[in-house]
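In the block that follows, a single chain appears as structure tokens, in the form predicted on its own.
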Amino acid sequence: MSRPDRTSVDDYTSHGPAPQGCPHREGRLVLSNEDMRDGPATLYHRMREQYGPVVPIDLDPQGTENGTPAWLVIGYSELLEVCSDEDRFSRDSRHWRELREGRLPADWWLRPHVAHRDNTRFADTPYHQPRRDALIRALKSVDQTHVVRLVTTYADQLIDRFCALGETEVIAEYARPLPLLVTARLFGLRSPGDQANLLDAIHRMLTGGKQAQRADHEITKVLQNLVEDRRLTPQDDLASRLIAAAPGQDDQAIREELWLLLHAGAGATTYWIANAFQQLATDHGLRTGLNNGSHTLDAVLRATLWNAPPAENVMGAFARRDTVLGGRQIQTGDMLVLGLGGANHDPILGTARASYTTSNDSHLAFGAGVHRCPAPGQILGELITSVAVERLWQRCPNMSLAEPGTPLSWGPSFVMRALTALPVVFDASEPGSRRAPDLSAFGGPEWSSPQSSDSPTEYPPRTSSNSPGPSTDSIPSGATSRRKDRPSRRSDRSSLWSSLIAWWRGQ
């Protein structure tokens, strides 16, 4: 798309004015974070009515002199078209005109999401498939039984920190650290210090701001050191398996693939866990179905991917040549933001959509086409998420929202659909010693850990239609009266996070 002052504004407004309440600049919708907080389903409906399936947007909600133009693809069919036609649309961001012509400042707020990296995400055919195949081989080597034990071990350790209080903030104290701890361990970061450093750096990078670039460098250094070490001394971990699966790739390429796994795996899994709890807290049908056995936990997780996918919008695809998409004139070098959340709400899916979101896997939460998340990665993410959700329900029974009358708070990013906080209360219990054997995710020798125990954990079985899940009917109702007899929790989430890091370092 050309800059708005070089083309007719009519090209961008043929479907009418901007949706009510949404700012716009010269025919482009300024996609503000506040609009996303208010509810993307409603926003996408307004967008579709006014603009159709391909929306001209401005990626600078704070405003700059010229803005940063792009297209948001919220049509289900149109998104599949973009993801399947490599002749017209590339994933290599070096095709993007704004980046190629130097119009983006070095500290642009979305640069980390779109700057080219030497990994599978930004690779086109013929380079993409060999790298994808290497990732698949490495991920397939992960022993799922041992991953279950690994997730259970860390889940128990985290839950032990707050179970006696009868209340917690699920995001900061559970959903955010758990997948990162598991991923760090799978990578082969055995030292609690290395794990804590990565945990801290990822948190600061996702928070954004000036600290993000420094955190980026810290993460890169940790991964680079890991790759160099495993190149010399292979171990029983994912880094070593990836090196073996991709003999032609240098250390930088391996490091960047690990970076991709870290963000697509740990980051997305965090938001999948958080959004699953949000769905249970706000969807009476899901909650009741899980309680009476008509829905399994798998159905809840699938509905979450339809209604609140962790990656709301993916940056992006880039036009190789002038083309038409959804009635819009797309020009060479334009960026298309893949609106996974918007496409999942497309009316083309039919009025019966609500009835099949718990049983149908046609959602786009994992992307589409040759760049769709590899099946072993999807399985691993679902495994971590399902064990994490089920474990918390098992050990913290009768969970309910701490403030049922207060709207939930969503984060500032329109890229990730993520809660900033989810305070809950539950029946308090004493910390237990029910921890799984500290085993390698590949079934190899045990990894030493100061937190491990010889007593095995009997992790809960999968919920089935013949075995009712944990009681969830009380989620929307006010159970806040139980809080009067409990110690008050600290409200400073930064202090909570610092405390968690210090605990993991053994301080």
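Treat the numbers as computed from the prediction; the structure is a model and nothing was measured. All residue numbers are counted from 1 along the displayed sequence.
Same protein, other form: the form predicted in complex with a small molecule, not shown, and the subject of what follows.
- None of Ala196, Leu325, Leu139, Leu226 but one reaches within 4.5 angstroms of the small molecule in the predicted complex through a heavy atom, and that residue is Leu139.
- Note on the partner interface in the predicted complex: the residue among Cys163, Leu338, Leu286, Val387 having a heavy atom within 4.5 angstroms of the small molecule is Leu338.
- Residue heavy atoms within 4.5 Å of the small molecule in the predicted complex occur in exactly one stretch of 286-294, 423-431, 147-155, 253-261, and that stretch is 253-261.
- The small molecule is not drawn, but in the predicted complex it has no heavy atom within 4.5 Å of Arg88.
- Residue contact check for Gly265: one or more of its heavy atoms lie within 4.5 Å of the small molecule in the predicted complex.
- Heavy atoms of Gly333 never reach within 4.5 Å of the small molecule in the predicted complex, leaving it off the interface.
- For the chain shown alone, Arg372 is a contact residue for the small molecule in the predicted complex, at least one non-hydrogen atom being within 4.5 angstroms.
- Although the partner is absent from the chain shown here, none of Ile171, Gln278 and Arg395 has a heavy atom within 4.5 Å of the small molecule in the predicted complex.
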